[in-house]
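Listed next as structure tokens is one chain, alone, in the form predicted on its own.
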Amino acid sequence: MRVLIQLRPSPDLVAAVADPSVSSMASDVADNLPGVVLDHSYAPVAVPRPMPASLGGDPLSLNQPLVFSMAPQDASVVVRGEIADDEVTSRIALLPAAHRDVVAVYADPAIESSLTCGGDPAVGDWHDVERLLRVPDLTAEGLDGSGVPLAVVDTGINAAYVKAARGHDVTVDHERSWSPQSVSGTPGDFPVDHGTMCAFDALIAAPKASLVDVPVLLSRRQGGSTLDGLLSDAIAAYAHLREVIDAQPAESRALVVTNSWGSFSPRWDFPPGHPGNYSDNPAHPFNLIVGSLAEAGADILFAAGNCGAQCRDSRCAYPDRPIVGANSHPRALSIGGIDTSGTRVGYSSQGPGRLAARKPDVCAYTHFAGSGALGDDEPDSGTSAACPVAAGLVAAVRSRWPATVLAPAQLRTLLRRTADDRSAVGYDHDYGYGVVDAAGIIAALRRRAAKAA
């Protein structure tokens, strides 16, 4: 079984791991772990420690204000390894006693792109999505993604393909892009696939955003498919993205991160209630680092997944509450899907979520003729398409409203409050708070600007 091992070595070692200018190896912090085959190709990653913002608060309640400390005396370090399946229980119990720096052992589940059940033809095309998102109105307000880094965490982007499909130039930020160590290639020049579709869809509302290519799903695990990776690679990617946003000046701080993937099966996870669990566990290192990146100023969006009751993806193995782990994180937006006629698509996962009950947050457009990246006759579909469509809208807002002026939590609230409610009861677990409404967002931002004047 693949596992993540969390350690708290000396502050000097933690500081070295957290310093991007210092090269650290797994053996520097985790040598001689009995029963663990350490993955020496995976560089250790520093993980922040959550602390309540007010006295007496719960440091693991992701729904309350938290401070994420990266101070060397507070932060921890994770490494990756394997434990024999028949020794998992015994080895995990013995590790903290065998190595004084070991804090906990967590699952490192497989993560997969949010593909969808096919067969139904596209409903409208990407120009319909452009119209529904009021892109001309956004552009008139100066909300076009200019100067905003938009990270596509997926299978990699083929910028030349996106440019040809859109008929407009595409900017890839090579310096801020990142790849797992096992992945070779140039940012913006990966094979046309799922990530290229996501990039195309994100640029519908934010055509001038700078794409940050993060091909986490190209990392290969033994026996894995061509569209999956390991959560440990996402942890390393998010640690890099934290460096990206920390390096930005306050007056223009912005980073939008779109994630059209998730964990669909408990097979690679510990069961809920186990301290090493991912799906329901706010203490899992990835759930912590997602919260830390959001608190630093990033807008993080996850696809809700394609495990809706009417048309479940064949990989959906959770018997209920399929929006799991970071896809249900309270500091991220979980995006469901509707078609361009306004109808919820049957594969869009329904809540409640596992880390936060009110998931999905909102719905965005999907199942339209768009990039053609998955085949000439294949629509851009699944919540895989809905998520970057919503991320593009967020990136458009960030053109003039940096995180230091409109905090990520405030922007999440703005999207929920302006959403077009599709139920008679307010929030519901099919549509969330409703469908993203660009006109409502523009009006709300105008009111906010007038108050600040």
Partner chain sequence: MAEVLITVRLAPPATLETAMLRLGLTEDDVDTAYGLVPVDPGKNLYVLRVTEDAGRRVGDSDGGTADGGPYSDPPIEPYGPPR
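Numbering follows the first chain given and starts at 1. A quick note: this is a predicted structure, and the numbers were derived from the prediction, not measured.
Quick note: we don't show the form predicted in complex with its partner chain, though the next part is all about it.
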Site check 248, 258 and 390: each within 4.5 Å of its partner chain in the predicted bound form by heavy atom:
no
Using a 4.5 angstroms cut-off on non-hydrogen atoms, would residue 313 count as touching its partner chain in the predicted bound form?
yes
Does residue 233 make contact with its partner chain in the predicted bound form, using a 4.5 Å heavy atom cut-off?
yes
Residue 329 near its partner chain in the predicted bound form, any heavy atom under 4.5 Å?
no
Tell me, yes or no, whether residue 277 is in contact with its partner chain in the predicted bound form, where a contact means a heavy atom of each within 4.5 Å.
yes
Please pick, from 350, 158, 292, 371, the one residue with any non-hydrogen atom lying within 4.5 angstroms of its partner chain in the predicted bound form.
292
Note: exactly one of 203, 133, 355, 239 sits with a heavy atom within 4.5 Å of its partner chain in the predicted bound form, namely 239
Candidate stretches 314-322, 74-82, 92-100, 140-148, one within 4.5 Å of its partner chain in the predicted bound form by heavy atom
314-322
Taking its partner chain in the predicted bound form, which residues along 297-313 bring a heavy atom to within 4.5 Å of it?
303, 304, 305, 306, 312, 313
